[in-house]
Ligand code: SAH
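Presented as structure tokens, the chain that follows is alone, the form predicted alone.
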């Protein structure tokens, strides 16, 4: 096994079991490992520190796996990590009210670069690192042994693959091609999921708890669901007795699927209005028309993919939330989210304070949203805490 030597003074994060070692912290590589090979990391004194995946093209040169020198990182090691992750979600799925969740969440489940989502009896995977790419045959076999899914579909179209020297893929890994529409159940609500063509892995199960929580505030209210995708917040609001819900999304496929989901759950379509449009443009149209709402949901895509993009993202978040605040009735509620890991909660609160100031509004933070249990946050990897949200009362 090839040894990688860490620069003197760069040991602290490794000792604290942070799973990333950046290329600038590497002193020397004693050999020529291929991207994705498992190497042995040593400190400047030559003492063992950890085993990890190596990639010379990535800014994260090593993704650490195991800190115990006596434990072999072999096929059985990967099988065990998959098994532990899958079994830890069993309680979540045991109620019969939900059959979709994230089974494996990358570094949080000690498998850096692997995302596995369950949709009824189908699995969607995203492979984001060269190391995981190399062990995928073992991982697929273990997933088949544990779950016997009808299909395992590779949705590895994320731009982050480019940083690892990997090409985009979108193909069947096991079983049959998933049907165009897979029916899943979340909190007792049915959804049609298009695994092959949907965004990310096909469905945003990270908002499961937040959809249910927010629905408690929507009975008898007029609701505006922005970036609605296939209708998570919309369906929960309608089911809980919202007076009217308007959903806005730029994707024609998402809007069409949302309408199908309303029919699937036998909800009152006369209380729903779907608009295919850019959200920022549509908010300005609502403002010009004098439209007002009791509850507004803002669940935008990732505005800050990295810390270098944080300033620009903060301005975008501020403008978006300022527009929404202007559309709320007095004392109305704004449920606003950020899925940017680079944006921490305190920074997000500051952005909302700026938005309120620009809008001439007063804001109370009355609830903090977070990611659910199938998106755990590893204590040594705070970067895994990406989803944050606030329920705000606006005056």
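Remember, predicted model here, so these are calculated numbers, not experimental data. Positions refer to the first chain, counted from 1.
One more form of this protein, predicted in complex with the ligand, exists but is not displayed; see below.
Here is the short version: of 99, 250, 174, 265, the single residue with a heavy atom within 4.5 Å of the ligand in the predicted complex is 250. The contact residue chosen from 126, 129, 192, 228 relative to the ligand in the predicted complex is 228, the criterion being a non-hydrogen atom within 4.5 angstroms. When the ligand is considered in the predicted complex, residue 204 lines it closely, a heavy atom lying within 4.5 Å. Put simply, residue 119 is far from the ligand in the predicted complex: not one heavy atom of it is within 4.5 Å.
For the chain shown alone, residue 222 is not a contact residue for the ligand in the predicted complex, no non-hydrogen atom being within 4.5 angstroms.
Within 4.5 Å of any heavy atom of the ligand in the predicted complex lies no heavy atom of residue 164. Just one listed stretch, out of 136 to 144, 271 to 279, 175 to 183, 306 to 314, contacts the ligand in the predicted complex at the 4.5 Å heavy atom level, and that stretch is 271 to 279.
Every residue in the set 211, 232 and 299 has a non-hydrogen atom no more than 4.5 Å from the ligand in the predicted complex.
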